Ligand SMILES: Cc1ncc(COP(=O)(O)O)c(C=O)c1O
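Here we start with a single chain on its own, the form predicted on its own, put down as structure tokens.
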Amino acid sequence: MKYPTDVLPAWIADMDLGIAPAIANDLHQRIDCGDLGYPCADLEAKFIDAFSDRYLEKFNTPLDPDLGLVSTDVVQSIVISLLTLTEPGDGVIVQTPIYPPFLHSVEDTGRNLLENALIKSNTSWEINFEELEILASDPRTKLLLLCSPHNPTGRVFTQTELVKVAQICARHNVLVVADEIHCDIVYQPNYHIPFASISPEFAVNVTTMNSATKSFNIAGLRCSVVHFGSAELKARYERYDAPVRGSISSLSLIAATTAWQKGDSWLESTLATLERNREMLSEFIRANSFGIEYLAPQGTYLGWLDFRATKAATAPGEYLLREGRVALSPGSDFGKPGAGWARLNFATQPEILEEIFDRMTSAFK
């Protein structure tokens, strides 16, 4: 156990909201029939087809199933993409603050981490395009790791922004690996735009990674997909053969396929709960008198909280754990711009969220 039992955990990006009944039903059927053997190729094909169908139906983005591969999780796929699509010492751009495994993956594979920090305005988080152009123009820069929707800021990038990113990367022959794992968790009027849909010409340089794990709360089953914009990219990635890429269980494939094919009614209800929780967090921030600030996320179920004007500015995660018995993700884990910030997961029951707010208030009083 990471924390003592008296600590309320609001850090890890899992939902405290159960799973879709359709997923539970299909898993029970498989268990009841007594078939927990190795997954067959048919299950993998159905999973890839479900992914491709979803992108077409929900995002109007056709993705060739033949260019998709099954993977255990997105982080593993990011590591393999760095090992196969770049060389040691190559520059890899990340847009900080960013999900910590992005940073670790670049450093652990011996690539050169290039931070293109997002800029906070009064109303949004913006891409620093001038700096992105400079970083991409270096001939040693080979790849951009794009997190869209963005974790931890919750930013959902617009068509105009993504086109500018694609144009910059195209000018300088920079590949894009797009982690779109939070694509289903977006609040109106915002909407997710797959990076592979920006243009047919640039799509050949895009690797898309996704999973049903975040949207449908099945992260422990570990099942994801990697889709390539070209056969050439896929062949490079497959230099690491299947045993190295990992193997998926039958239950994982069934759960993920069911999620994308039958889980949308549950997801719609869950999004309504998340939106109410997001508003609860916004109300708490507006009412607080101890200096916490934040911008309501356009997507994800994560609040990126600014403690720099509070007495917890040095290490807000440690302060709240000590004084309030609440565990948030320390902002410093998300890169240099995260100092003085912390990430709060609001995907829980409203009464638990209220208790988190009460503890945070007590910690500062």
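All residue numbers are counted from 1 along the displayed sequence. These numbers come from a predicted model, not from an experiment.
Missing here is the form predicted together with the named molecule; even so, the following discussion is about that form.
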Given 196-204, 214-222, 278-286, 123-131, the stretch touching the named molecule in the model of the complex at heavy atoms within 4.5 Å is 214-222
Heavy atom within 4.5 Å of the named molecule in the model of the complex, from candidates I80, L175, C147, I254, belongs to C147
Assert contact residue (the named molecule, in the model of the complex, non-hydrogen atom within 4.5 Å, options D90, D73, E115, E293) equals D73
message: Quick check on H182: any heavy atom within 4.5 Å of the named molecule in the model of the complex?
response: yes
### Message
With the partner left out here, check for me: in the model of the complex, does some heavy atom of N151 sit within 4.5 Å of the named molecule?
### Response
yes
So in the model of the complex, is the named molecule close enough to Y99 to count as touching (4.5 Å, heavy atoms)?
yes
A13 versus the named molecule, in the model of the complex: is there a non-hydrogen atom within 4.5 Å? yes
